[in-house]
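The chain below stands alone, shown as structure tokens; this is the form predicted alone.
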């Protein structure tokens, strides 16, 4: 054991800086947050151990179920749009022969915008009065919509913003995976008389399956933590239709000064995402076996 440690001493030295950073900025906050979930704390008075009271308070809050329902709805809609649209866009970009680099830049531009700036731009576009979308609709002789002011359209409007803002990264990852597919496979499929859709389904999708599965997992984890769009654009309204788990967590911490209950909610979210990730990885490994 001592010999192995001595042989890898330099490697451990290089790793030590990263391990310290992870311990201080990742692992310690997670452990500290888990402890706070069982305490009554406001960072003014000394924390008091309250056991499961924070969780009981959460479960008794009517907004708790609403926040989880809204978050799951946002995640489901984001998977429909934010998963399929970048993949199809990458397929189209992969087929281009001219100006491919310019289109890649255009697709990636929204990612360069700060999330708050992107949300404010879309909030103005959704404005029922002078907003760009309703102005365009009225110019076509159509009636404008209350995009963010109606419980029926507010969540879908936020999903569109999130999809647009994060479209570039997923598209470029898919595009890199598509460019790694051997052209012989498409030629063989074309010689067999396969249509475009059959080549997409039987060649493209299987060859990019690993990337698709990884990005699907990352997207679920990211969208379950949505905060910026509902916080900036709707504040959780109208009628609490866009209150998400993280927005509720923010309210507990900074509106009600109840950091214990906020930590309890963050711990629940961690457990849910951890359990989903474990089940997802296990299911995909069984499918590969």
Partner chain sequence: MRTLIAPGRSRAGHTVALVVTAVVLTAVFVVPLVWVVLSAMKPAVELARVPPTVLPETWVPGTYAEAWDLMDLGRYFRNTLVVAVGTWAVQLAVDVPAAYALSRLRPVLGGGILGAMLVTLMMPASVLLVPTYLTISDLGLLDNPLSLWLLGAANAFTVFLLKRFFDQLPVEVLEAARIDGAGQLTMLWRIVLPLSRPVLAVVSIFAVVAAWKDFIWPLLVFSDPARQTLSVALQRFAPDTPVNLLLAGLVLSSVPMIGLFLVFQRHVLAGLTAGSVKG
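Take the two forms, find the largest set of C-alpha atoms that superpose within 1.5 Å, and that set is the rigid core. Keep in mind that this is a model prediction, so the values were computed, not measured. Residue numbers count along the first chain shown, from 1.
The same protein has a further form, the form predicted together with the partner chain, not shown here; the description that follows concerns it.
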### Message
Please identify the residue among 151, 76, 137, 120 with any heavy atom within 4.5 Å of the partner chain in the predicted complex.
### Response
120
### Heavy atom within 4.5 Å of the partner chain in the predicted complex - residue from 155, 216, 145, 91
91
### Query
Hey, in the predicted complex, is residue 169 touching the partner chain, heavy atoms inside 4.5 Å?
yes
### Task
Decide whether residue 228 counts as a contact residue for the partner chain in the predicted complex under a heavy atom distance cut-off of 4.5 Å.
yes
### Message
Quick check on residue 68: any heavy atom within 4.5 Å of the partner chain in the predicted complex?
### Response
no
### Message
Can you tell me if residue 84 lies within 4.5 angstroms of the partner chain in the predicted complex, counting non-hydrogen atoms only?
### Response
no
### Message
Heavy atom within 4.5 Å of the partner chain in the predicted complex: which residues of 232 to 270 meet that condition, in order?
### Response
232, 246, 249, 250, 253, 254, 259, 262, 263, 266, 269, 270
### Message
Would residue 138 count as moving between the shown form and the other one, using a Cα shift of 2 angstroms or more after superposing the core as the test?
### Response
yes
### Query
Is residue 21 among the residues whose Cα moves by 2 Å or more between the shown form and the other one after superposition of the rigid core?
yes
### Query
Rigid core fitted, then: does residue 11 show a CA shift of 2 angstroms or greater between the shown form and the other one?
yes
### Query
Hey, the CA atoms of residue 173 and residue 18 end up closer or farther in the predicted complex than in the shown form, with the change being 3 Å or more?
farther
### Query
Looking in the predicted complex, are the Cα atoms of residue 19 and residue 271 closer together or farther apart than here, the change being 3 Å or more?
farther
